[in-house]
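Next up: just one chain, as structure tokens, the form predicted on its own.
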């Protein structure tokens, strides 16, 4: 199980309503259902993975989150989870806005392209990097928007959403990210995990 799943579970309140966007084979859904007793739904683009979820007794629909979140009413979930997928969307801004329309809060995790191994790989080898959180070659990667933890902070200011909690994952160790340690966390973190909500101005 991915280390971030335990972190997400710690954030989610018990007995809440959760939507897992890009739920894969339903591993996170099962974990949250068992450990937090949540009412959870999923949306997944892969027909095979949808079938895998359904075979586990999970409620999942087949759909593309970039276009199909509009079927859900405003604030129909307490949390909407988007795990390591934001960088694969054509329009991440529109997706974030939809997450925060459908959910009262959203939990977004991103692989950190600012990690020192990524930087070193580009500097020394001159090739696109491959790491534990970025396992694909340049020609078969689903990632089309390279994003760092620092980028995500700037993104929140640009499109005006509030980062309620920000966490860094470094060798399965979790720590808080704040303005004073942002540069360090951006350099050493493999993954950024953010609890976000609409700004009061939106």
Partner chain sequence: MNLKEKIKTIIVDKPLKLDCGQIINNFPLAYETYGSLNAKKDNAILVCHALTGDQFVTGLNPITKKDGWWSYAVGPNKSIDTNKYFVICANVIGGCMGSFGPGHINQETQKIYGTDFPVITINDIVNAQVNLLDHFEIKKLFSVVGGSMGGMQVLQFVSNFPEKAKTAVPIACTPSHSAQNIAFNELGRQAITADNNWSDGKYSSTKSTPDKGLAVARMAAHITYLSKKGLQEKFGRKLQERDDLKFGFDADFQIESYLRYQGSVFVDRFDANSYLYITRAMDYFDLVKQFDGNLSNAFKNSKTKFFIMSFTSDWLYPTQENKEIVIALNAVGADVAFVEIVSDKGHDSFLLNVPDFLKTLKNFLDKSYVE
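Numbering follows the first chain given and starts at 1. What you see is a predicted model; the values in this text were computed from it and never measured.
The following text describes the form predicted in complex with its partner chain, which does not appear among the structures shown.
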Non-hydrogen atom within 4.5 Å of its partner chain in the model of the complex for each of 97, 114 and 163:
no
If we define contact as a non-hydrogen atom of the residue within 4.5 angstroms of the partner, is residue 54 a contact of its partner chain in the model of the complex?
yes
Is it the case that residue 171, even though its partner is missing from this view, gets within 4.5 Å of its partner chain in the model of the complex, heavy atoms only?
no
So in the model of the complex, does residue 71 come within 4.5 Å of its partner chain, heavy atom to heavy atom?
yes
Considering non-hydrogen atoms and a 4.5 Å limit, does its partner chain approach residue 36 in the model of the complex?
no
Sort through 50, 177, 65, 29 and report the residue having a heavy atom within 4.5 Å of its partner chain in the model of the complex.
50
Taking 4.5 angstroms as the heavy atom distance cut-off, pick the stretch from 102-110, 71-79, 88-96, 116-124 that is near its partner chain in the model of the complex.
71-79
Within 179-196, which residues have a heavy atom closer than or equal to 4.5 Å from its partner chain in the model of the complex?
none
